[in-house]
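This document starts with one chain, in the form predicted alone, laid out as structure tokens.
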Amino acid sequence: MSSIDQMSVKVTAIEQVAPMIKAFTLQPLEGQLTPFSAGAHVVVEMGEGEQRYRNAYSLMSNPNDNRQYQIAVRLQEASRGGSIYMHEQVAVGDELKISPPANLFAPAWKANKHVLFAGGVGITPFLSYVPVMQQREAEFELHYMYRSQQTGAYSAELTEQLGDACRCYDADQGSRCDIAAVMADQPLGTHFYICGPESLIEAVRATADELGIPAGAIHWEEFAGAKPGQPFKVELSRSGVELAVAADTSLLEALEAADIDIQHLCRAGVCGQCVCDVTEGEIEHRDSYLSDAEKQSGKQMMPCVSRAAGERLVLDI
């Protein structure tokens, strides 16, 4: 995605759907919204003046209805600014810029069955899965884990809508999901999907490994913001430009602030779109895209999440 691809939308409704989660309804300022598929996300740009935030959010509306998009934003305790801005600054009638939908988390329709693990606000992409799976008469079950004092949005509606196909686990009430029992009890050809905190993703992946479930049957999505690190300088070899990357700023954000257009889709080190060639300097790799061999070569990095391991990097830009 580049800035010229963005579309302008108006916030037409805001709803507090859980103690820590607000849902936002977005409609186009002009024309029609781009159609999307189950599991898609958009990148929302927000902020004022030089302070801009760009966060990826799953589309949780019905893919069969393109009149509006809906996203949900969890207020993060360690927010870098985006979730606080959405919760405290954005009001009905405000305008935002968003990317066209991109999908890195589509259902594997060849699967015989789909098992969905949602943690907290990770329920959002599965809200777009449900109507399509019902329409296709696909076999699926949803396991929804949350703390009702923080998250738990849509748990009552989903339980009513899906019946036994939805199991809810409220940790504030002492209810826990036995992930191993759920995964061991599935027929061959089942695919598993996880959206939620890193701990949930790792737990499901580790369980799959122990049970001998093929890695290709495990799908996950996590929109974790770039974690802070040591400040460093980056030189762009083609232009000779040198930039300072602050401790709480990602390299991608520093490039964008300097009006250097870098393709991206996920901003989470997953999609591979923003990969940059590195000609000098040590890299602290934090992505899930590059192979171990590619990381060890030190020739490429994902600027959305990875940083310099030292004081300076030189990029072939």
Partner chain sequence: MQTEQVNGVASKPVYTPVELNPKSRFHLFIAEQDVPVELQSLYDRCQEDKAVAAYASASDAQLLESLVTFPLTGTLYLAGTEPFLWRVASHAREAGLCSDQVRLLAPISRERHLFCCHCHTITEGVTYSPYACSGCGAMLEVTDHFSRLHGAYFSFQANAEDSTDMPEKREVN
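Numbering follows the first chain given and starts at 1. On a predicted model such as this, the values are computed, not experimentally measured, just so you know.
The form predicted together with its partner chain exists for this protein as well; it is not shown, and the discussion that follows is about that form.
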| Can you say which of 134-142, 110-118, 153-161, 194-202 gets within 4.5 Å of its partner chain in the predicted complex, counting heavy atoms only? | 110-118
| Of 93, 216, 240, 174, which residue is found within 4.5 angstroms of its partner chain in the predicted complex when only non-hydrogen atoms are counted? | 216
| said: When the contact criterion is heavy atoms within 4.5 Å, does residue 178 count as touching its partner chain in the predicted complex? | reply: no
| task | With heavy atoms only and a cut-off of 4.5 Å, decide whether residue 211 touches its partner chain in the predicted complex. | result | yes
| How about residue 231: is it within 4.5 Å of its partner chain in the predicted complex, going by heavy atoms? | no
| query | Using 4.5 Å between non-hydrogen atoms, is residue 103 touching its partner chain in the predicted complex? | reply | no
